[in-house]
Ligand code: DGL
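Here's a solo chain for you in structure tokens, the form predicted alone.
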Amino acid sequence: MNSDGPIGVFDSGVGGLSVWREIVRALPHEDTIYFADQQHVPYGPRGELEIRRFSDAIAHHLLERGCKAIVVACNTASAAALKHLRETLPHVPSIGMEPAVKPAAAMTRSGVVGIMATPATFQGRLFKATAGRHASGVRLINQVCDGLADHVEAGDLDGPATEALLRGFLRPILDAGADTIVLACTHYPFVIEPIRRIAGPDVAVIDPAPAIARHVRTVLAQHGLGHDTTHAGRHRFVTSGDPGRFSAAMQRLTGVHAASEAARWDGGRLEPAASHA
């Protein structure tokens, strides 16, 4: 792999930008390519095999663009496809999302931890293995948050509908006595402030993205793939949806204004399309 190549980051939509922005903060000298599979967003309700096929095609698309590492910035895709990517692309460092059960279990005082995630994340082997390793003696309240990623994709981060949705999701967690909440979907950090407001000051809310960014830095160093630190990172954005809408959502969520490119699904593969501002 070429150490000057970009880091490939992908998600079903804009949620993975919560991870991308932390990678950029931690590694400002690294180039990135962010891919949003908005034609298929959200991944949460989809089956494992379908998500694995999408993830495999996206990873190959990013490698064709010269990426030196793949970050699966999606808990659902990590649960369904990370093991597969590591087995089929052993020469490429692949980093995924793991629900932050370990830090939550160490942090909780009440012994009750709430997990906010999609159905596919809870059903995946990765979550079950993580919970089995790190949640001994801790009660996990697994809360499926159907529709929340859609609100983030639509830019509704703090409106009445999102507030009502969050209150409904948080009620079982808070009623069970949880004092720690894990955000196990990369879309959810974009609504972390209303979650904190509803949960109250005595409840810790864990966003795993900063820890993932630190892990990316460690993995690149271990493989000798770090870019020259005098280099100023450059960033490209690609979506299988509408580039204009993606760019607008990215600016709204991260403050970054940049052109985005289109890629189109064709027979299970991704093909470049025309660029858009």
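Quick caveat: nothing in here was measured; it's all calculated off a predicted structure. Counting begins at 1, following the sequence as shown.
Another form, the form predicted together with the ligand, is not on view; read the next lines as being about it.
- Exactly one of the stretches 192-200, 105-113, 122-130, 68-76 approaches the ligand in the predicted bound form with heavy atoms within 4.5 Å, and it is 68-76.
- With the partner removed from view, the residue among 209, 59, 238, 41 that has a non-hydrogen atom within 4.5 Å of the ligand in the predicted bound form turns out to be 41.
- When the ligand is considered in the predicted bound form, residue 80 lies well away from it, no heavy atom lying within 4.5 Å.
- Among residues of the shown chain, residue 94 is not one whose heavy atoms approach the ligand to within 4.5 Å in the predicted bound form.
- Not displayed here, the ligand is approached by residue 118 to within 4.5 Å at the level of heavy atoms in the predicted bound form.
- Residues 185, 186, 187 of 185-215 are found to place at least one heavy atom within 4.5 Å of the ligand in the predicted bound form.
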